[in-house]
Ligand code: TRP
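Take a look at this single chain, the form predicted alone, given in structure tokens.
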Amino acid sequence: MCGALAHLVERFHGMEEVRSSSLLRSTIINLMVDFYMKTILTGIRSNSVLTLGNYLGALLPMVRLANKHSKDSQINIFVPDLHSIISDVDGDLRENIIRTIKYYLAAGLEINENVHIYRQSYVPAHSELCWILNCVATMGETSRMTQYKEKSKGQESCNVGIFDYPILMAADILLYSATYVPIGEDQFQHIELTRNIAMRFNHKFGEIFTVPAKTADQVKFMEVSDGIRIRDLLNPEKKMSKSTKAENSKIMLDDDPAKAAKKIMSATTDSLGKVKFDMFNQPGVSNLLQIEALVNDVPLQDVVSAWAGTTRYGDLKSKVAESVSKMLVDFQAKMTEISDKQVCELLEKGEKYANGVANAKLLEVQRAFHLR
């Protein structure tokens, strides 16, 4: 560690803007984190109320990982409000952000000195690094992103933010030297793009960025066999989405529990008459088995084994409907116990930390381009 600190002093010797501000302290923190702790980073857009799919597939796994690793890792949970505005926002964005943080707390997130919650737009370094990375990334690799192709398909034009989304995501990750970024499978391609940008930058300017772990290692770290993807209840070929117009296709976290149970009972299955986990041939049934396992926090294989050999889909639906209804009752009760003031205090504290770390990393990048 002494050698590393000596390198730090040499690297920043004579820089008045560093020595006379909090940037030196933040840079030392960055170095210590790199040596002793890994950073785990994640975020969920706050465009509207989240679905059960968002909760089970992204938020709850992140909370469990955070609680498991927060004693030996930095946990960065940010609200990507800049990402949110690339599409329409249902309601007031600020209120949505407050509600999203409450989701984390209601899901059981344990707060300690290593857990940092912040808003993306309250850390200007995200936007500035995004522009710089735009000058490193290529049109070819960003135009190949599947999400961009899907969101722009059939449209005469789409906003540039949709195209540039993965570059801002890269900035979100690289500013904090994040090794692990728990995400859904639809974001894996963006992690690989981030890795390519970081390696290209480091090759030209030196080891400034921490390269995130490979997709396979990300999946292994998340402790799931693949990215969790809860399916649309009416069309299980697609993932459950809050943007889908059909109300019975999705369960929202603010749904009346009884209403949610009815949605489960009307879920699409198949005509095979056999309860089996097979996402390719029986996606509807498999989706129900997956929801049952995740809602009750039990291994999927245990649920699959318990239902092996049964043929009555109605019985499976009834059990899943009961489990989901109970979960929503408990979750919504916890939400009411969390105040806006409590959330704002967490955000203010997290944003102070995030600005210190992000500004120190941004300064390294600016110096590489001789901007500072």
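Please read all numbers here as calculations on a predicted model, not as lab measurements. Take the two forms, find the largest set of C-alpha atoms that superpose within 1.5 Å, and that set is the rigid core. The numbering used is simple: start at 1 and walk along the sequence shown.
A second form of this protein, the form predicted in complex with the ligand, is not displayed here; the remarks below concern that form.
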Study note, to complete from the structure: Picking from Tyr103, Tyr165, Tyr176, Phe201, the single residue whose non-hydrogen atoms come within 4.5 angstroms of the ligand in the model of the complex is Tyr165
Point to revise | Sole residue of Arg99, Arg119, His83, Lys250 within 4.5 Å of the ligand in the model of the complex, by heavy atom | key: His83
**Study point:** Contact segment among 211 to 219, 269 to 277, 252 to 260, 166 to 174, judged by heavy atoms lying within 4.5 Å of the ligand in the model of the complex
**Key:** 166 to 174
Point to revise | 4.5 angstroms heavy atom contact with the ligand in the model of the complex for Gly43 | key: yes
Point to revise | Non-hydrogen atom contact Asn134 with the ligand in the model of the complex at 4.5 angstroms | key: no
Review point. Can any non-hydrogen atom of Leu109 be found within 4.5 angstroms of the ligand in the model of the complex?
Key: no
Check your understanding: Looking in the model of the complex, any heavy atom of Val285 within 4.5 Å of the ligand?
Key -> no
Exercise for review: Check each residue of 175 to 209 against the ligand in the model of the complex and list those with a heavy atom within 4.5 Å, in sequence order.
Suggested key: Val181, Ile183, Gln187
Practice item. Superpose the two forms on their rigid core, then report whether the C-alpha of Lys151 is displaced by 2 angstroms or more between this form and the one not shown. Key: yes
